[in-house]
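For reference, the chain that follows is the form predicted alone, supplied as C-alpha cells.
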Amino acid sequence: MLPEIITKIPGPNSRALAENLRQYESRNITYVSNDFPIFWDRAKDTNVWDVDNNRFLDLTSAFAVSSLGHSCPELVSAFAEQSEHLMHGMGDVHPTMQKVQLCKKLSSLTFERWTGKKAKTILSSSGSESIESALKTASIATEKHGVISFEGCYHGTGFGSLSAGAMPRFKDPFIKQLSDFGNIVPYGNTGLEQVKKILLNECIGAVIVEPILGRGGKVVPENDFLPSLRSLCDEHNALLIIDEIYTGLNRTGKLFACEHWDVVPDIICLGKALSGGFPISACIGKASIMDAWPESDGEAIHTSTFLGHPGGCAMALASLNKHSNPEIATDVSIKGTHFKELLENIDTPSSGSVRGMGLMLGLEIIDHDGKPNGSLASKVIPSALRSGLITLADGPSGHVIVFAPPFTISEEEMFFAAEWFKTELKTSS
C-alpha cells in the first residue's frame, strides 16, 4: 500500500513514549527531536504502522532485516511453532536439533555450492559477534594477528569489530581501549597497492571487507577489486573474510554479493536477513580453517548464552528455504534495476549519483559544488517521514539516502517514493 501523508509526526502517542524513554534509556541510543522518532506498533510487507496508527512505507527493511517483507508468514509460523515446543536450549552444552539443521543448511548454501566441500559455523546473536568470531578464527588458524580493513566499512561496534573497523564516528571515542591490530586502507582499487605493501611487511592473518559498502554509502567497488584481494590473500597466506551481514541473502540480486565477482571467501559472515527478525548471526568458514579451533573439552573458549537459540534457528531455516529459491534473486535484480532507473531520473541540483546493486541503493545528496550535503539529507529524512516514507542516511558525511526496501515492494510504491524525492529535492535545491 502507498503511505499516508501525515501532518503531525511524531503523533501524541509517539511523543509521550519518547519522553518516557528519555528518562530510562541511555541518551546515546535513541535520537529524540521534534521530528523523531515514531514508535512502531505493527508491520506487514512494506508497510509499518506506528502507535498513532499512521501508515508508512519502509524503504529500509528495518536495517535490511525484513528482506522477505515484514511479518513474512513463513517466518512468523516458524517462530510460533518453535516457541510453543521449546523456547530456549543450552546452545553449546545441550543443543537442539534446529542448530544442527541450520549449520548444515548454511554449509550447503555457501562452501558446498562454491567448492563442493563442507563448511563449519559459529552461531551468535549479532553481526558484530559474527565478525569477532571470524577475527578470532583467523588469528587461531594463521597464527598471525594483524588485520587489513577498508575505509568506509562498518563491521559492528563490539570491541573486536571496532578494532578492525574503519568508521571514526564509532571507533574514535574508544580508541584508547582498543587493540591496535588493524590496518586501514582506502576502499576499492586505490587501496590495493597499500594492501600489497602491508601483506609484505607485516604479520597479517586476515583481510576483512564488505563486497559493497553498506553504511559507508552503498559504494560498489571496481570489478577487479575483490578478485585482486582473493589473489593477494592466497599469495600471502592470509584469510579473506567477507562481511555479508548487509549484502547477503539476495539483497544485491545474488544470493551472496561476492558471487557477482565469482569470489569465494575463506570466511563469510551473515546476519540481519538471516532470520528476518530474530537476533541471530553466523560466521561460516571452510572446515579446514574452522578446525583450527581446539575441540571443546566441555568448556568452549568462544561461546554465548543464546548461541543456536531454537526460535532463531527455526526462523533462519524458514528464511533460508525461501532465499534458496532462485526466483527471489531474479525478482530483486529486476526490481532493483527499475528502482535505480527511477532514482536516476531525479534530476535536481541536489541529487547526485545513484549507487548500489539490486535493492541496496543509495541516492547521493550534494551541494551546488557537487560535494556531499549531509545537512540537506538530514532535513529531507524527517520531511519524508511526514509524507509516510521511512528512510535513513548513510555515507561518511551522512549524505546518501538509503533505498533498501523489502523485496515485496511494488512498482507503484517505488514510483511513489522516487517521485516524492524528485519533488522534495526540487523544492529544497
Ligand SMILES: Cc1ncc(COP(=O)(O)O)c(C=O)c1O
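Everything numeric in this text was worked out from a predicted model, so none of it was measured. When you see a residue number, it is the position in the sequence shown, counting from 1.
The next section is about a form of this same protein that is not shown, the form predicted in complex with this ligand.
At least one heavy atom of residue 127 is located within 4.5 Å of this ligand in the model of the complex.
Residue contact with this ligand in the model of the complex: residue 266 places no heavy atom within 4.5 Å of it. Under a 4.5 angstroms non-hydrogen atom cutoff, this ligand in the model of the complex lacks residue 277 among its neighbouring residues. In the model of the complex, no heavy atom of residue 132 sits within 4.5 Å of this ligand. Taken together, the three residues 92, 99 and 309 all stay farther than 4.5 Å from this ligand in the model of the complex, as judged by their closest heavy atom. Stretch 149-157 is the answer when you ask which of 337-345, 149-157, 283-291, 182-190 has residues with heavy atoms within 4.5 Å of this ligand in the model of the complex. Interface residue among 316, 123, 164, 245 relative to this ligand in the model of the complex, by the heavy atom within 4.5 Å criterion: 245.
Contacts of stretch 259-279 with this ligand in the model of the complex, defined by any heavy atom lying within 4.5 Å, are made by 272 alone.
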